[in-house]
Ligand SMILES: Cc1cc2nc3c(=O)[nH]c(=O)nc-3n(C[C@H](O)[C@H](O)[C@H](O)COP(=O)(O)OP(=O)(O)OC[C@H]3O[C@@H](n4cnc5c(N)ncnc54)[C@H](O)[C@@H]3O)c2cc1C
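The data below hold one chain only, encoded as C-alpha cells and taken in the form predicted alone.
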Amino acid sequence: MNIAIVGAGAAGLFLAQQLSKNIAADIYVFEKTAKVATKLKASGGGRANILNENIVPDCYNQPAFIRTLLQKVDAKTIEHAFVQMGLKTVVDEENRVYPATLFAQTVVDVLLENMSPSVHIVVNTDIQKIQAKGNLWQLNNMETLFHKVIFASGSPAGMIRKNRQAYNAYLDSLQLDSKILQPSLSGFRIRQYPNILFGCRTRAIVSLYQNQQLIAKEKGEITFKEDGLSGIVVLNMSAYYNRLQDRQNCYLLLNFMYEDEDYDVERHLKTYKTLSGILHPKLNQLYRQKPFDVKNFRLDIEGVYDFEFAQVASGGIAVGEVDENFQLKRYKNLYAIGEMLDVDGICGGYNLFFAFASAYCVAKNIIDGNKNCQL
C-alpha cells in the first residue's frame, strides 16, 4: 500500500509516525518547503504547547464537531501517544502541556526518531494537482500512485504575502465546500491608536464588545505595538472576533486593575495625586496628557493583523465535507486533517491538539481497515 501525506507539519508528522509503527505501507510525506514542522517549532513561543489537558469544546469555532471528536480521542490519548514515544511532558497551572525540555525541537525530534524506515519525507515538493487514476490517486505527475491521500498542508498563517500565493491550490479541482481563510490569533489593529503606548507591556482584564454587548472576557498580559495590541489574551479575543458574522462596531475595554477589579482608583488619585504607583509608566504618561477610565479604557477595533502575524487561520474545508474519521464524504480514500479544516481554537494547546487528534483518528481508521493491524 502507498500512502501520501501532503504537508510535514504537526498533523502530517504525527500521522506518519502513528501509521509507520502499525501498518505495512510505504508512506510518503510531501513538504513544500526545505524544512519540516516550521510552525510546530515556533509554537508556544518556541516551547511547543502540544495540547491542553482540559479541552473545552466551546473554545473552538466548531464546538459540536469537537464534542463528537472527544468521544473518540481526548487529551489523555494524545499525551499518552507522546509518552510512548519517549517524550517527557510537564503541565502548567493552566493545564497546558509542554515537552519537559520546554524546547519545541524536542517534539519534532521524537516524532522523527519514532518513525520506521517506511516513511519517506520529500521536501521542496509543491503538490499542485491531484487526480483519480481508477481506484488510486495521482499527485502532480508522479509515477507512484497512492491508495490513500491525507491533506495536512495547513493554512497560510504565519506566511508573508508572496508565499501565500495559490496556497493549497491542489484542492481546487475537488470543489469542496469551504469557508474563506482569515488570520486568527493575530492581535488587533486599533483606530485612533495612542502611539505613546508603543512598547508598553502590562496586565489587564480584556473584554471584547460589539454594540455594547459582551462577546468575551479574559485577563492576562497585553503588549502595545506600533498600531495595535498583542499578547495571548488579545489573540484569544481575536479568535472570538473572527467568529462574528458582522464585525462592525467592535471594541475592547481594558481594566488595568488586574489584581483587584474593585480597587478605588478615584480614592487613590485623591490621596496620592498621581497614578504612577498603580499604572505602567507609559499608561501614566498618557493619563497625565488625557485622563481616561483606568477600568474601562476603550480601544476601537480596526481589524486583525494580516496572515504573516497570525498563529492560525480561521476558515478552510467545511467540517460537513468529512465524516467522523476525517475522510472526505465525496471522495473515497481522501482525508483532511488539522488546519485544513474550518476548525480553530484559542491559545493554550487547542490547535495543536486538534492537529494531533484528527491525525490519530485517520491513522486508526486506516489501520482498522487492514487485517492484523491495531493502534
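Quick note: we count residues from 1 along the sequence shown, nothing fancier. In this text the structure is predicted, and so the values were computed from the model without any measurement.
Form predicted together with this ligand: not shown, discussed below.
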Of 164-172, 241-249, 275-283, 70-78, which is the one stretch near this ligand in the predicted bound form, taking non-hydrogen atoms within 4.5 angstroms as near?
164-172
Residue-level contact is defined here as any heavy atom of the residue lying within 4.5 Å of this ligand in the predicted bound form; does L299 satisfy this criterion?
no
Looking at the partner-bound form in the predicted bound form, is I127 within 4.5 Å of this ligand by any heavy atom?
yes
Report whether the minimum heavy atom distance between A42 and this ligand in the predicted bound form is within 4.5 Å.
yes
In the predicted bound form, does G220 have a heavy atom within 4.5 Å of this ligand?
no
Across 1-36, the residues having a non-hydrogen atom within 4.5 Å of this ligand in the predicted bound form turn out to be V6, G7, A8, G9, A10, A11, G12, F30, E31, K32, T33
